[in-house]
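Next up: the same protein chain in two forms, each one alone, written as structure tokens (structure 1, then structure 2).
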Structure 1
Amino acid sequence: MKVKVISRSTEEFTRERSQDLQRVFRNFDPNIRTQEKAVEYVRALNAAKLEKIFARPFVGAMDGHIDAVSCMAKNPNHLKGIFSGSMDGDIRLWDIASRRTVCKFPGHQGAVKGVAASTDGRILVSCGTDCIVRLWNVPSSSVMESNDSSDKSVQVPLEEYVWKNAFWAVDHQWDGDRFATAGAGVHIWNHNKFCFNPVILLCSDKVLLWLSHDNMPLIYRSAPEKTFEWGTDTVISVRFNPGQPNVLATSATDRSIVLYDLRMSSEVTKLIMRTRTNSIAWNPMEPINFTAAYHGSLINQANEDCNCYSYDARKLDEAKCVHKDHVSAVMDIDYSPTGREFVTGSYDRTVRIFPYNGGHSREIYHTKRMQRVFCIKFSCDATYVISGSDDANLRLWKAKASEQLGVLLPREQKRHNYHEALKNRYKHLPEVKRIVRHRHLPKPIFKAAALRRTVMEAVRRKEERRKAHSAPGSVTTKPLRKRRIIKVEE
């Protein structure tokens, strides 16, 4: 007969020395594990609860401005710094890690309406209601880091361009020398081209003489390279395309979104909507798509949409996606560098994070002290969100509220990944869904959202009854993606 019995020798299954790791043996056979699904479900429930326990998104506030923060700018090459401009003309460069001002750029008399950083991050462009565009030199990062003490350096503007009308926004090309300002029309400027000429030209009032530091008279191009003027309404926001440096999108007070190409003399496409667009952001990973933040009318908030619409720039007659959830006008919008989500700041005092293709927000941030959010930026490593609001503070939030920051051990990283996978797997079950979905909303927003829901529901019901009572096919409902577009002009 042939016989064999299980025999295990202790040496093979235990460690030799106490400084060795313990030996681990795996057998993936499902028969030795009982009730795996129930255990996994309990773990998913616990993971959802832990996520809520560790959800502490607010990192800190950066205070220093004395009036509302109206605009912000970031440069992708410098992670730690962010520029902010306020309604009293104060522009500051902040160090996000220490939440302190590194550098001040005083000079504007009125509100600063737009700030933009150049491609290499050395030059800052700012424009304001005092009809002046200023260029500043940004101190190098070594200077920034050595500034541990509280003294902030004050900068003098490098250049100033005076114009006839107030400016509303500015944006710099992602990869180039040009920047565009929005005001009465769209002007394209080039900050690198200047000529050294000892002769003072007085041929037109568009040329200014500016003395450089060593008193050499220089003539700078103080005129925009190009001007796009179309219609009589002011242009309120402008954005360059990250992928194609010559394409830019603007929005105007005549409820239109216009796409321009710098190589052409006029606009490419014009899209007229029902409501005004406050801000536009291009998706950095898919530069064909952009998202526009809509203004609702203040009088009838429930009826007007406070949504964001994502478009494909090649096909503007239908929105790709409608992002609903805000209850008041959306003031600013910014994409994450991953291109998978974007953050919006709205007039209803909240900040929401949306997935790029999802209709509803995945996260909402609010504080009692944060008033109307005027500008918002996603940090360049996709970890933080910076919001500038009416209460003169910039606030730093985590993009993922329950994320553990800092260097993680590989074990911790694996556990976080496991918890994410568990929540993803069981997120459709009612108990897990209830916990994951739960967010505390401030009462006014909760009530406003409920009101919107009832009004929308009533409108929908009326529409249905109209359909039911009329001849089949005579009443058609337009899909929401098309409803807000009036017409598209080429």
Structure 2
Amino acid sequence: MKVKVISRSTEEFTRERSQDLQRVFRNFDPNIRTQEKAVEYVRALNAAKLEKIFARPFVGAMDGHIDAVSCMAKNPNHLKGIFSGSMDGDIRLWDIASRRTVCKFPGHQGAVKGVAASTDGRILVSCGTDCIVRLWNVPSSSVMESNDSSDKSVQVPLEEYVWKNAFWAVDHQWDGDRFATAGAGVHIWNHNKFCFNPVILLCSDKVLLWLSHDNMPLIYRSAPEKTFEWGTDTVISVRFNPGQPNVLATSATDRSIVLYDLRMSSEVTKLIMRTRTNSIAWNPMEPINFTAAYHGSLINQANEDCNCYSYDARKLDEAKCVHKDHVSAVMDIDYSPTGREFVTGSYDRTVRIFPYNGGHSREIYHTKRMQRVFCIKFSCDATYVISGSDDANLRLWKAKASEQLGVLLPREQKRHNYHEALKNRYKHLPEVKRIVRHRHLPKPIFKAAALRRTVMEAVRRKEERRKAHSAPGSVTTKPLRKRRIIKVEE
């Protein structure tokens, strides 16, 4: 006769304090859990539904500008600082945490088309349609940490570079003292090559220097350090490579994307597309790859483009990936610091987040009051997204719509990770897939997307019929990755 005795140790089952959790022993033998798959499926379904219930991406709006927000730049030296420029010439430094203006940078007489901060976060570069590039001193971190909402300091420009043409964009090197401006050409400047003698002088390179009202030197340069010109059209965007400080990419109104190397006296590569490129962003984790945001129109969807294209800088004759979903022109694009996804702002009044290798967006943000989005940025910790739109507001969004803000307890973090693992495991099942993929769209976006699908389907049927009624081999169909490329010039 066998007698089974349950033996338990007092130390293993007795709580030291009344607040401690009761220890639970579990047997993970699959033979005694015949319904494990079904239970997990129900949990995955509930996790997908809970994600939709708690999806509240909009955090708040930052108002203060009186005209459309045209450009933004992150402060690399401070996590919660961001610069914004508007069409009325106003430049502001914002504190994202408190959503208030910390500092103002007045001086531009026209629209501010570009702002960029140096790598150390001490210098801010701005340019606009008034043909002047201004350098500003960025306030210290103590000003950012100040809780006084009435403290809005006003900065005076350190330098001013006067040129004969309007500027459309500016970007600073990731590691160096140079910055590039885009306009009638690509101009390279160095903000450390100047003299601080407190007298009026005229140097050999036509640099005029005099003192401002607060005894701070102002410098007016008439010529940049280096100039690149390939064609006669206006350059509308410029971006330095994060891995190679001397490599930069530009886009122009002649539908071209050009790669430059500051160590060479000429351009490297020119890619000509069928539609204009509005913005370019390099992948910070894979600096050889960049994504371009293209212009589009709802007038003729068969000939215009509203997509984003990712390219390998070593092979520009074919796109690595085509990112669809927008129904109007994509105005701006920015990569997450992790390099795994990027965010786009469009003329269709929506913000979308794409995986770096995915064809469709994983998230779409919109509000009733938000108008056309002109600029978009990821925060430096990849937690938030900041958008600037035509209604003179900056809006703060969560990068993950259902993410819980604040400090999470270890048990809460484990619970979130468990739910994510369940959704990832059962994401191929129809019910879970339908809930996870569903997004509410505004009626104009929904109708425009349906119209776009109808037009593209008609174009596809027409090409198939033309190919079927032609001689074999006489009609060839280019893949979508090559269809928008006209030629590549070396």
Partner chain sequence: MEEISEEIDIKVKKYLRGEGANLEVLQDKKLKGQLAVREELYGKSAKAAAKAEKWLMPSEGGYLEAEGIEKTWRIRQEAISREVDISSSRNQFDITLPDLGPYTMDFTSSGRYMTFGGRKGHLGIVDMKNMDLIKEIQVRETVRDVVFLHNELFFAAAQKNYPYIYNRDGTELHCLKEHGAVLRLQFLKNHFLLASINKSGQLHYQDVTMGQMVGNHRTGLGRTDVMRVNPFNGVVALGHSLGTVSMWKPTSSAPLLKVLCHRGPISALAFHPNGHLMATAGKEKKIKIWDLRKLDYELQNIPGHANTLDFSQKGLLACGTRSSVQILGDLSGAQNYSRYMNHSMVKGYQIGKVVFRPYEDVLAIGHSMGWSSILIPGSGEPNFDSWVANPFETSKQRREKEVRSLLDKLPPETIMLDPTKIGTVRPAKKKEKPTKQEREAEMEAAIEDAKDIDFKRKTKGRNKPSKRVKKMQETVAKAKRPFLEQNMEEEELLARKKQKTSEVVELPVSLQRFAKKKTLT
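All figures in this text were calculated on a predicted structure; none of them were measured in a lab. In this text, the rigid core denotes the largest set of C-alpha atoms whose superposition between the two forms falls within 1.5 Å. For residue numbers, the reference is structure 1: its sequence is counted from 1.
Engineer: Just verifying the output here: the form predicted together with its partner chain should be either structure 1 or structure 2. Which one is it?
Structural biologist: Structure 1, which is the form predicted together with its partner chain, differs in this respect from structure 2.
Engineer: Taking the rigid core as the frame, does K478 move its C-alpha by 2 Å or more between structures 1 and 2?
Structural biologist: Comparing forms between structures 1 and 2, the K478 CA shifts below 2 Å.
Engineer: Quick one: CA shift at R23 between structures 1 and 2, core fit, Å?
Structural biologist: A shift of 2.7 Å.
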